[in-house]
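Shown below, as structure tokens, is a lone chain in the form predicted on its own; questions about how it binds or moves come after it.
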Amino acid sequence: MLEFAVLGLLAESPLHGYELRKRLNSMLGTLRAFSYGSLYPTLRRMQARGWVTADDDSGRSGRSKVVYSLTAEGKERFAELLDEAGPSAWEDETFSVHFSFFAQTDPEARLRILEGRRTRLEEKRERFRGAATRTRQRVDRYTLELQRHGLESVDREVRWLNELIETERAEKTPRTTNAPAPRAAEDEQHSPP
């Protein structure tokens, strides 16, 4: 997930580590804050694979900053990851990263990811409902509230996904207009008096 997000951000522009971390945190939210301890080893692995280059860029302050850029291989890898629309793209940990780069994702892949995510959440919703039914008498009211909250969250996301899927399908379908041609008015203008 982190490699995909880094590739996507570097596809937009070269960045130094601090700016890259800042953008990762703002893109993916504070719940998934990335430390330098996870970012820099990831950048080194990506550099070893030939996906990223690291160039020293000394600023006016004289401090050295390393600026990371995508290589041609890195761009190819990012394109491959954008096209992956299987189960790994639907999971809780990876869906938001894929969604963050939907503007660059093929419409067919976007639709597969959205539909897969919806299916995964519908399965999760059924598990929530089953667990709530089985445990209703054995748990306290706070646990029941937590279960209700989880179910409402999943319901809300399923509704959101339904709207997104409907929009994707509408944009995919070419629109035709059935407006009648203004033939009668033209005929009247050209007919002899």
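Computed from a predicted structure; not experimentally measured. We number the residues from 1 along the sequence you see.
The protein also exists as the form predicted in complex with a further copy of the same chain; that form is not presented, and the subsequent description refers to it.
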Would you kindly say which of 27, 54, 39, 165 lies with a heavy atom within 4.5 Å of a further copy of the same chain in the model of the complex?
27
Does any part of residue 156 reach within 4.5 Å of a further copy of the same chain in the model of the complex? Heavy atoms only, please.
yes
Is it the case that residue 69, even though its partner is missing from this view, gets within 4.5 Å of a further copy of the same chain in the model of the complex, heavy atoms only?
no
Taking any heavy atom pair closer than or equal to 4.5 Å as contact, tell me whether residue 96 reaches a further copy of the same chain in the model of the complex.
yes
Hey, in the model of the complex, is residue 16 touching a further copy of the same chain, heavy atoms inside 4.5 Å?
no
All three of 47, 49 and 109 touching a further copy of the same chain in the model of the complex at 4.5 Å, heavy atom to heavy atom?
no
